[in-house]
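Just the one chain here, the form predicted alone, laid out as structure tokens.
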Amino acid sequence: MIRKTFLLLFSGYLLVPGLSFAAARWYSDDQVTRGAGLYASHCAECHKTNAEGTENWRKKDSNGKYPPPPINGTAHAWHHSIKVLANTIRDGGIKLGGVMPAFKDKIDARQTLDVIAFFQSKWDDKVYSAWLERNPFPQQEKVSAGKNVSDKKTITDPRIVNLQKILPGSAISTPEKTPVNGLYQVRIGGKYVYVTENGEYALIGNLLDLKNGINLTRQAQVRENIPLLRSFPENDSVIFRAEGKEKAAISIFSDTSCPYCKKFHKEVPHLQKAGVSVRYIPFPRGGNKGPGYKEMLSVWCSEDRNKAMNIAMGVSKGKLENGSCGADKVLRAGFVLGKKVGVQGTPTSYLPDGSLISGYVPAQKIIERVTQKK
């Protein structure tokens, strides 16, 4: 019949006869990446790393409160509109019988939507489609949600309004107090800037606690990098596991066209033998036009990514197949995350404590740093 040849667009669905279908999602990959960091910082402690929630979440605890439920699509979060989800994040869940605090003074409207985007990305297509049937106009809902969550800090906060003027489009974090009276710390991408209370002056550099010998800037960076790095899915990484018992794991932002990345990769077996796992996160340094982009797509699309990585890095012989599995999303997410945690070139290594090493460093020096006794 003629009607079988039609493609039907209905409430965000693409229906193709004879094929499975999935609902088009309202959020972007960038929103999910930003939301992952925010979720790790504010939500993961209670709702767990992958939004799986706590056990026995349906039963009240000894205080008569419901513990944090899953928000990965397996509980009741999918029943609610973006507006309701945003309002709950803003006002907390105590009035609903739960224990969740209000976040209206910690994250703004855009960040709230990013968090929702992140945990909705954990919903499978069946759950998301069911949610979309209840909420067929999510684009309108997210605008409405934005109006119902305080966004004043990113628009009118006098401490950062001048920064926003000279850095239009940049994501500037909410100012945080420092031990120095009248000086506040903000993060712009992977960099930290210190602003005065009136927002008329800014300092770029490291804030040092001379009395205690602490680099407060580095400390802040490390504190924020750890949850951001953990937010990158293990399934989207290429991991060379430690031999025997794992003593430490490091994350490497790498590009297969980078000469020093190839040099480092030749030493990965030494790290593995020393009990150090190496997790590669893609960082196409030239974007999708860079020399290693297509090759990295082939690696991330391979059934055996480790073997493909060895071929791409020149330590094994073989031929890479064309990458056409949609891994461009993973490469883009890796690049966005890298910029967020301060990657400026490849390779960049992140140690278990969140500290980074820029450029090539011999494997033995890394082994000494991550396996030394404390």
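Residue numbers here begin at 1 and follow the sequence given. Being a predicted model, the structure only gives us computed values, none of them experimental. Under this definition, the rigid core comprises the largest set of C-alpha atoms superposing within 1.5 Å between the forms.
Although it is not shown, the form predicted together with a small molecule is what the next lines describe.
Only one of 216, 100, 186, 250 lies close to the small molecule in the predicted complex, with a heavy atom inside 4.5 Å, and it is 100. With the partner omitted here, the residue from 342, 69, 323, 347 that has a non-hydrogen atom within 4.5 angstroms of the small molecule in the predicted complex is 69.
For the three residues 43, 85 and 89, a heavy atom within 4.5 Å of the small molecule turns up in the predicted complex in every case. The chain is drawn here without the small molecule; in the predicted complex, the stretch among 276-284, 295-303, 115-123, 261-269 whose residues come within 4.5 Å of it by any heavy atom is 115-123. When the small molecule is considered in the predicted complex, residue 77 lines it closely, a heavy atom lying within 4.5 Å.
Under a 4.5 angstroms non-hydrogen atom cutoff, the small molecule in the predicted complex has residue 47 among its neighbouring residues.
The small molecule is not shown here, and in the predicted complex it never comes within 4.5 Å of any heavy atom of residue 291. At a distance threshold of 4.5 angstroms between non-hydrogen atoms, residue 233 is out of contact with the small molecule in the predicted complex. After superposition on the rigid core, the Cα atom of residue 67 is displaced by 2 Å or more between the shown form and the other one. In this overlay on the rigid core, residue 305 has a C-alpha that sits less than 2 Å away from its partner position between the shown form and the other one.
For residue 336, the Cα coordinates differ by under 2 angstroms between the shown form and the other one after the core has been superposed. Cα of residue 329 to Cα of residue 80: at least 3 Å shorter in the predicted complex than in the shown structure. The pair residue 331 and residue 38 is looser in the predicted complex: their Cα-Cα distance rises by no less than 3 Å compared with this form.
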